[in-house]
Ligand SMILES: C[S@@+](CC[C@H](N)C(=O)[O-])C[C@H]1O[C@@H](n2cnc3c(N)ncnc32)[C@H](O)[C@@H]1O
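Given next, in structure tokens, is a single chain: the form predicted alone.
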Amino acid sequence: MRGMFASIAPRYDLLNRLLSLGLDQRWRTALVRSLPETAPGQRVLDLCTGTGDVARALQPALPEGTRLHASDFCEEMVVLAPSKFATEGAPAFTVGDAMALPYRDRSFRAVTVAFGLRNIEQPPVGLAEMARVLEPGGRLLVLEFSRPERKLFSAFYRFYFFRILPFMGRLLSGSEIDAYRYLPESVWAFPTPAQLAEEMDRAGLAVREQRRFLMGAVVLHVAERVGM
């Protein structure tokens, strides 16, 4: 998995824009607008940060004095992220495993994950770690692909996802590893929004909203850490 993402890292941002027709930026904006109220001194964590696009969108939305952390398991992705920020005020970037986060319990006001949850080897373990590092009442924001719900659009989307996207991804990325064949296969194997809500509940996260975009092809899951 690391090798696959490392192979497309240099063209990852360009591919995201082209293959999503620029909609990825709109979805990230929706995620940022769903942040909880945050005070100076509190911390926010962007997991599966990749090349730091979500972290870059988060930073101006946070009040001065909020500490932003960003982590990903692929070093080749992470090393590209700091160039998107000014030297001062850049997030604390780390290379790490989402299933074993190196942070204290209840230490973050919010955790964000954009299109990365299904890439975690054991998503329930990752969700449990996210719940662990969130403070009570803290918010988890997960932006993830899903299977469209309307039959006609679902058929069209599936054709694009399984036929057009892998071909274009392979052509544009120049990677010998077929990362863009993995993408649709992983989406179709991923839990439905209802199933993911159940997994979050088992991790101690109460889903407050599941906002659908592109007729359900993308879902923003908004959950809160329950308990004391």
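Sequential numbering from 1, following the sequence displayed. The structure displayed is predicted, hence computed values, not measured ones.
Below, we refer to the form predicted in complex with the ligand, which is not included among the displayed structures.
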query: Listed range touching the ligand, judged in the predicted complex by heavy atoms within 4.5 Å, from 187-195, 160-168, 32-40, 48-56; finding: 48-56
query: Joint contact, Asp72, Gly96 and Ala114 to the ligand in the predicted complex, by non-hydrogen atom at 4.5 Å; finding: yes
query: Any non-hydrogen atom of Met77 within 4.5 angstroms of the ligand in the predicted complex; finding: yes
query: 4.5 Å heavy atom contact, Val226 to the ligand in the predicted complex; finding: no
query: 4.5 Å heavy atom contact, Asn119 to the ligand in the predicted complex; finding: yes
query: Any residue of 26-46 that, in the predicted complex, places a heavy atom within 4.5 Å of the ligand; finding: Arg28
